[in-house]
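Only one chain is given next, in structure tokens, and it is the form predicted alone.
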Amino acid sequence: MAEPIVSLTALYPRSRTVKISLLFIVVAVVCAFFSDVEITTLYPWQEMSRLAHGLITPDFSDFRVIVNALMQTIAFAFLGVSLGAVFGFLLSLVFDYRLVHMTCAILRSVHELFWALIFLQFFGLHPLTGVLAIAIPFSAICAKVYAEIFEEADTAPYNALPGGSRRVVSFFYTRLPMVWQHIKTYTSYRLECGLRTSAVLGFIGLPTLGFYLEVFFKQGLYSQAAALLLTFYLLIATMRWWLRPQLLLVYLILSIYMLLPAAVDIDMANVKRFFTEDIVPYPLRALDDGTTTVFATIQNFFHWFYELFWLQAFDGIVQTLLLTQVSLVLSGMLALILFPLITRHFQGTIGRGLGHGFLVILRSTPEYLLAYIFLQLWGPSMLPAMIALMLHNGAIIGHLCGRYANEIVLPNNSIKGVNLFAWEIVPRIYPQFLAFLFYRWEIIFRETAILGMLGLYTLGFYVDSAFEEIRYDRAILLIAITAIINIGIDSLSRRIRQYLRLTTTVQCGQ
């Protein structure tokens, strides 16, 4: 696991953290008031009991399906993350250039499912659709994190070299060895993220775990779905044992072998038409055809944009932001409840082991999958999405806070229970907790946007509808709006961290 670790550069004003916390809580309460959180199914408890029974009685009889789903999931993840890590490393070396920095910000602001939907239009269900959907945003994310790792590394060995030393050779012999362990650990964490993303790609038709889970849930085969999920959790939990450097080449070859049979010839005419015609706004195509004047084209374009923005995008933006803010605060509240499960100040060895297992299950289950399950149980509303986002992100933040709390040395060991939690541990980790929470803010927004593909009226709903209607120009514009807002949230998050006088650095740990 690798996430930003906060160090206090100065004594932070407690009043600022209180103000920020209260502000976000008030905003979340207001957003919740305008959110639809109804349960619309007629017999939710009956369906939940069937799901619970399926979870405790997993059916592994269809072993071939389970193995095939997992192998396909691993193959897409491994190839996508490998490409993302390689290009991310190269980009990190020139990340200081504004053009590279801004390009990476744009690429990582678009969710992997949106990238998959774009490639699906001209590649179809080709392996490249899934691989590139993972590789492109992951390369931008890796570039940012690798650059931060290099920035925080000790430069004394590099600076001590003679002036005539070659820059490239000096880099690989001095700077890179100093950070190599951090890069390896973060890349393994990226692979865990890639496995979750690869699983979700099955919901758009690729033969990964999500495809089979959707089939099982639609047929009410909860025991088979439980077997598939349990195997996936086991895969994530055992990564430290099967992910060995000496086996990486073998995994890469096997991944290519797994995906090659599904590869078909790519029609480059479709690719060219998509980028030169399909995504061009409809009113502008008339200008190329010579069927209208420049003035009329501009007028039609603004009418087209106005209609798209106010009838679709505006509602999607509002619903996405409402859901994001409520889910952000709920995730933070859950994290404060969960982190004691893995903290030595509250749990013994057995208790921490069980707590780690519980958090592994929660954080290994993608929000999209959780939301899909809850939507089947409770019907279409924001409630399933809120609970899904809360569980996944709360578990991640709780895990990070628990690791941080384990490093705290208490001056008085006589304090126990609630007093230890409320008056000793939480005050000490709270700045760190806020930094983790704000770090997840833009991620929660991206996840909220794509949950619209499940039928919620967030931006993803309108993006998916535009693709289904073969209105690619509208879909791309809506994705661009999502990216712009995501970049804005990331910028606001950094400003808040600066206001709290916290600096974020990257520390890698497993």
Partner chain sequence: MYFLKLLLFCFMLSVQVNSYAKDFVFTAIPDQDETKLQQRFDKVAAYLSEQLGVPVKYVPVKSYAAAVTAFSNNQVQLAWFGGLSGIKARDRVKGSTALAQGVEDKKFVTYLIANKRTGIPLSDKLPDSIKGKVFTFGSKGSTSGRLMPEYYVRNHFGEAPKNIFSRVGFSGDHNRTIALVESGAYEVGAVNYEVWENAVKLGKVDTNKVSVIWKTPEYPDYQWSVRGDVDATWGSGFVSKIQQALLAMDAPDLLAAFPRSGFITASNSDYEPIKNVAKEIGLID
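Positions refer to the first chain, counted from 1. Everything quoted here is computed from the prediction, not taken from an experiment.
Same protein, other form: the form predicted in complex with its partner chain, not shown, and the subject of what follows.
For the candidate spot formed by 40, 126 and 461, every residue has a non-hydrogen atom within 4.5 angstroms of its partner chain in the predicted bound form. Note on contacts: among 298, 93, 408, 263, the single residue with a heavy atom within 4.5 Å of its partner chain in the predicted bound form is 263. Here is the short version: of 239, 422, 252, 337, the single residue with a heavy atom within 4.5 Å of its partner chain in the predicted bound form is 252. From the list 195 to 203, 426 to 434, 141 to 149, 99 to 107, the contact stretch for its partner chain in the predicted bound form under a 4.5 Å heavy atom rule is 195 to 203. Proximity of residue 82 to its partner chain in the predicted bound form: non-hydrogen atoms within 4.5 Å are present.
Although the partner is absent here, residue 484 is not a contact residue: none of its heavy atoms lies within 4.5 angstroms of its partner chain in the predicted bound form. Although the partner is absent here, residue 356 sits far enough away that none of its heavy atoms falls within 4.5 Å of its partner chain in the predicted bound form.
Taking the partner from elsewhere, residue 380 is found to have a heavy atom lying within 4.5 Å of its partner chain in the predicted bound form. Residues of 464 to 478 lying near its partner chain in the predicted bound form, listed in sequence order, are 464, 465, 467, 468, 469, 470, 471, 472, 474, the criterion being any heavy atom within 4.5 Å.
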